[in-house]
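What follows is one chain in structure tokens, specifically the form predicted alone.
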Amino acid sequence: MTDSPRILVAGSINTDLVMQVTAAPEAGETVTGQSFATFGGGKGANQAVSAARSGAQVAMLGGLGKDAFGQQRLLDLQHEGIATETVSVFDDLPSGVAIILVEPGGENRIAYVPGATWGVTPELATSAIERWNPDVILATLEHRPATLEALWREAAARDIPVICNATPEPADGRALALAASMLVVNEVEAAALLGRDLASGAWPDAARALRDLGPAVVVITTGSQGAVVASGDGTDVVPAPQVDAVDTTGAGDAFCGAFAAEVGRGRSPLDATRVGVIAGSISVTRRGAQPSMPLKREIDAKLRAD
């Protein structure tokens, strides 16, 4: 492992259409927003930016359409130093789009269309590993199951650890999520994978229960409270620093990218979780997903200050 590990990130590349509102509309209701902005987004692309800004060498496995959104997102990734040779551009599919409503306090509601993300085939996934030869794979559940299954198989054959961020629909991807080397989920996703409601204080038990189902490491991110990590070294609670949140969009992605970079450096799951929590806490103080991803020097400075 090196200080600049090679990471392959698999997931969506979207354009985020973000509106600030005083309250999200109910069914049949129209509300007037306070502001609107367009950002590069998609959980996969956000995590790739986070990992790159955390000092890793990153390649993106994803899909885009031949449209204006796709052209801009490709430029965005390249501007971050992310390798895009493993991004496929499709003639017959649109680029992914997410509509995000952000309420006071930073809470958000998101609807998205995968578009070209679902055009990525198992063959493209296998080829991406061959071309990039990563130290670590970081993947969401946004690609089609067959594509992720091929990614998992090739990673296992090459003894490459897979970090799965089991989002956006963990119950549908349960087998894949539990087959990963490391699992990162939030509270809602943890409950969905376990198939039961969880009390707010039950996260250590939930992390251990998920670890018993397969992954060697389980992290449950708990928002402003931080995260819980369960591994062969035990179970630890990692608190988050108190900050004034303005937009929680992308906080989990900031965590995942920074966490993956530290795993690639050979850090322990606990140390990687500490870095991920700091990255997430910085991101919520800024608007937008990709623009909010912190640089490694910012994370390091915050770690020293705490």
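Just so we're clear, the structure is a prediction, and the values are computed from it rather than from any experiment. Numbers for residues come from their place in the sequence shown, where the first is 1.
Unshown form predicted together with alpha-D-ribofuranose; subsequent notes refer to it.
Relative to alpha-D-ribofuranose in the predicted complex, residues N14, G42 and N46 are all within 4.5 Å by at least one heavy atom. A98 is the sole member of A83, L193, L176, A98 with a non-hydrogen atom lying within 4.5 angstroms of alpha-D-ribofuranose in the predicted complex.
Interface residue among I110, V89, L213, A202, judged by heavy atoms within 4.5 Å of alpha-D-ribofuranose in the predicted complex: I110. Shown alone, this chain has one stretch from 51 to 59, 65 to 73, 34 to 42, 266 to 274 that lies within 4.5 Å of alpha-D-ribofuranose in the predicted complex by heavy atoms: 34 to 42. Contact annotation for V9: none of its heavy atoms lies within 4.5 Å of alpha-D-ribofuranose in the predicted complex. Shown alone here, G250 lies within 4.5 Å of alpha-D-ribofuranose in the predicted complex, counting heavy atoms only.
Applying a 4.5 Å heavy atom cutoff to alpha-D-ribofuranose in the predicted complex picks out A289 as the lone residue from 271 to 295.
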